[in-house]
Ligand SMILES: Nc1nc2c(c(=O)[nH]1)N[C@H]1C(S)=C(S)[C@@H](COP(=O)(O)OP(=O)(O)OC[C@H]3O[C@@H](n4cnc5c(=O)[nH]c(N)nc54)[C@H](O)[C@@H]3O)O[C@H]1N2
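The chain below stands alone and is given in structure tokens; this is the form predicted alone.
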């Protein structure tokens, strides 16, 4: 039996329809392959939360076969019965009145057939007239891994689009590059149990009390009376709860870390046996850090010598288990990769890795940034393969069943380079999926003007009301978390199962089925017949992982992920049953993924930010998460009245009392914050939480990224959102 393109949408809608507790295979011309099996009318199932990278397990309570409520899963090894406000409210955004229910062409309702026909014809015409380089895709860390993998293969191999990156670049590119260069593979070494098993926990540029509250709860479960050290210019909620807060000058963290290394090495507080066995580059590093004397470090950071040496003694005590943790305060920096690698170096030279309560541990941002890092086909081929390697290209071609010459020979430009292409007019068509670039990208006003000038802007999102979607020529209504099946990979490398527990509204389709429609309408579906369902793509992902450090060939399928409470990679066929390994660390044998089996210490001299403060712009603007009830641009958390009550309703800026007094700013008064790029208005919060000379604004308000500076780490191309020069004045 054959189908026309007009037949496909109702067929796909059929399989978006009834809720599924399992997927049963059935042959079909289009590889549809899913026969829905209804949940029992009133029952409970489980899923993994779709907000942050913690990856909490949730119980979903069903009525008449559809989700009506959530509660934390007491058995799931991540959250152990706990949930943050966002998790409790995760269903609410699905019921928002501004959900997209039909495709839009130039803002007007259209059929899927008309929208897809327009997309395909306009895309191909732009490619024909302007060349392949004229088209780009910006994706996300918030769709399931199977969709990421399908999108990357479809865009790069099927459609010949050379420019594809995701908003993971804004949060986790630094950790990806730092780990890959240092360990030989992007491999976070830890498990969440390490929060509970450390004697000393060091948080650098991380505020888990607010950003990852369930991970902070894991810290509070620690029964070893740990020392908690926080390195942050701002006295965050985590710093307030810490044993010691090192309030360093903004962007002096790399100098601090090198100074600590110098003290540890010169004092003999290092593990020379581990270094000899497992570390390369140590002699050069030891010589390099000799220049970071106590006087130099104290002058740069603002710490006194006693505090610096006390810090070194605490992390250099080899009788203790020491773990190092970082997130956006490190990653979003002009020298972020070397800062992350300095943290890694400290763990390596003290031998604090691979054992319980240790590690150089990056806490991821988005729910599936780890999936994006492994499978998104952007700057690298899946599972950290190299586009420039003929052997890697041939292997991917064999797995996909396509000619080797169809695999591109170079990776994609990074997000900022794609944005520059939009601004300069080199890129004529942009396809944006599940992200809100017009809000989240720095110098956002410039980007909004550039997006408005594109020949074709296509936005695929839950909501047609985001700043980016409002500019779109074509809008595809997408299903959200809870309305589709797939997997997420969390910070500790745990692959968790996401289940469909609601029907998407109107004619909205899962991102997976939208991609299948794109393949059909663009005439490349024959290459992707095997990619018939999320679990079919999971099987392809297993083949991609085979023999790699992230090998997941031992997972029997979605049912095992469900039964075992998620599974941390690696889990190869020869591994013991996953239920015997609820917590799986890396590098316990001291062997890393470089050919010589050693980890590498990489370092560079610290650099000043490109935009120093001056008389005209005397303050450093810091940004970060404002509340555990807020998430990124607020496109989902903003739909919840409950979450709205849990954070200030007005934009605010924190300013130190000394600075407020000089400027005549009163607590609660209106102020303007001005950078060299834009201006924002906010309510003044006069507080000693920030240092004199610094101000802080939560990142969730769209105004903030009219201010931030266009500066990027040279290794990861991650933006530096945490530092720019501003002036503040009362209104």
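Keep in mind that this is a model prediction, so the values were computed, not measured. Positions refer to the first chain, counted from 1.
The next section is about a form of this same protein that is not shown, the form predicted together with the ligand.
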*State yes or no: in the predicted complex, is some non-hydrogen atom of residue 484 no more than 4.5 angstroms from a non-hydrogen atom of the ligand?*
yes
*Does residue 281 reach the ligand in the predicted complex if we count a contact as any heavy atom within 4.5 Å?*
no
_My question is simply whether residue 448 lines the interface with the ligand in the predicted complex - judged by any non-hydrogen atom within 4.5 Å._
no
*Could you confirm whether residue 181 comes within 4.5 Å of the ligand in the predicted complex, counting heavy atoms only?*
no
*Heavy atom within 4.5 Å of the ligand in the predicted complex - the one residue of 371, 100, 205, 259 that qualifies*: 205
_Single option in 466, 350, 533, 134 placed near the ligand in the predicted complex, where near means a heavy atom within 4.5 Å_ = 466
_Partner-proximal stretch of 541-549, 601-609, 624-632, 100-108 relative to the ligand in the predicted complex, 4.5 angstroms, heavy atom_ = 624-632
*May I ask whether 210, 251 and 433 each come within 4.5 Å of the ligand in the predicted complex, counting any non-hydrogen atom?*
yes
*Stretch 499-534: residues contacting the ligand in the predicted complex, 4.5 Å heavy atom cut-off*: 511
